[in-house]
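The chain below stands alone, shown as structure tokens; this is the form predicted alone.
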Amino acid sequence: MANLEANRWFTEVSDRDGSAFSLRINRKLDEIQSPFQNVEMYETTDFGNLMIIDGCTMVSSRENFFYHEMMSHPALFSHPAPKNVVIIGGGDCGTLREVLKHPDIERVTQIDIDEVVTQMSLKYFPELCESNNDSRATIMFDDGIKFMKEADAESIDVIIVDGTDPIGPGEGLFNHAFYTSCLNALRKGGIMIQQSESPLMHMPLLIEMRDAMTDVGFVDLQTLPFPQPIYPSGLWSSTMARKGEGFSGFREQDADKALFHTDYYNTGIHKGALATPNFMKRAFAK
């Protein structure tokens, strides 16, 4: 469709990828320039509410479950008995909600640098924030990189890095120093999982991330592709890295018996995501 009416569509143009993505909108709901980034909210015709950060699509009502579920359940079911979880970023609180669906989790600490993101989510995505007052949750607005650097050694079971692209506030989440802090803070067998961009569009960055994780001492990696309709290419990924020992499957029976609701994740999806597509295998082998 050519010549879209500018006032009826939000379009994210991605020059680095040679692509663009549009959603039809009814109206603009809100905009706040925080000390860190520009956060906008739109009401769309078909995807519900839409959050934009610095011109990039972040969260919509219709499809956020793909991302939030794949950023949480694969890592939690791959760990034998996760109790203490840290989320770096995650200001929309959707990943926090998914983590807290696991009844054996004892403590979740979420650290996002920008309180405005959570304020917007509370107002426009209340369903994502329904577990914010869970007694096991601590929500902080601070520097996640500093938090991990100062974390006690071998104190955390799972670290979820739910950040933005490696620009602006998210830039420091993609380097050796940050990964070293995460490795030191994890107990043996602990898992870090990080959103790792599009394996179709951003393979050089994904390889750089995996190499850095290996360089600092993570023993084994798993990159899980999954759909993400509003992000460049529609194909996204998360990468899990394990400390001290390799991955040996996941708690499939526990996942099968889970009493909580999910829209995308199940044991079949988990196993399917572990079947690395050939184009990714070839890139990782170079």
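One rule holds for the numbers: they count along the sequence shown, beginning at 1. Predicted model only: the values in this text are computed from it and were never measured.
We do not show the form predicted in complex with a further copy of the same chain, though everything after this point is about it.
The shortest heavy atom separation between G48 and a further copy of the same chain in the predicted complex exceeds 4.5 Å. At least one heavy atom of H261 is located within 4.5 Å of a further copy of the same chain in the predicted complex. Contact check for F218: no non-hydrogen atom falls within 4.5 Å of a further copy of the same chain in the predicted complex. Among heavy atoms of F250, none comes within 4.5 Å of a further copy of the same chain in the predicted complex. Using a 4.5 Å heavy atom cutoff, L23, P229 and Y265 all lie near a further copy of the same chain in the predicted complex. Note on contacts: among A212, L200, V116, A137, the single residue with a heavy atom within 4.5 Å of a further copy of the same chain in the predicted complex is L200. In the predicted complex, a further copy of the same chain lies within 4.5 angstroms of at least one heavy atom of each of the following residues of 8-25: W9, F10, T11, V13, D15, R16, D17, G18, S19, A20, F21, S22, L23, R24, I25, in sequence order.
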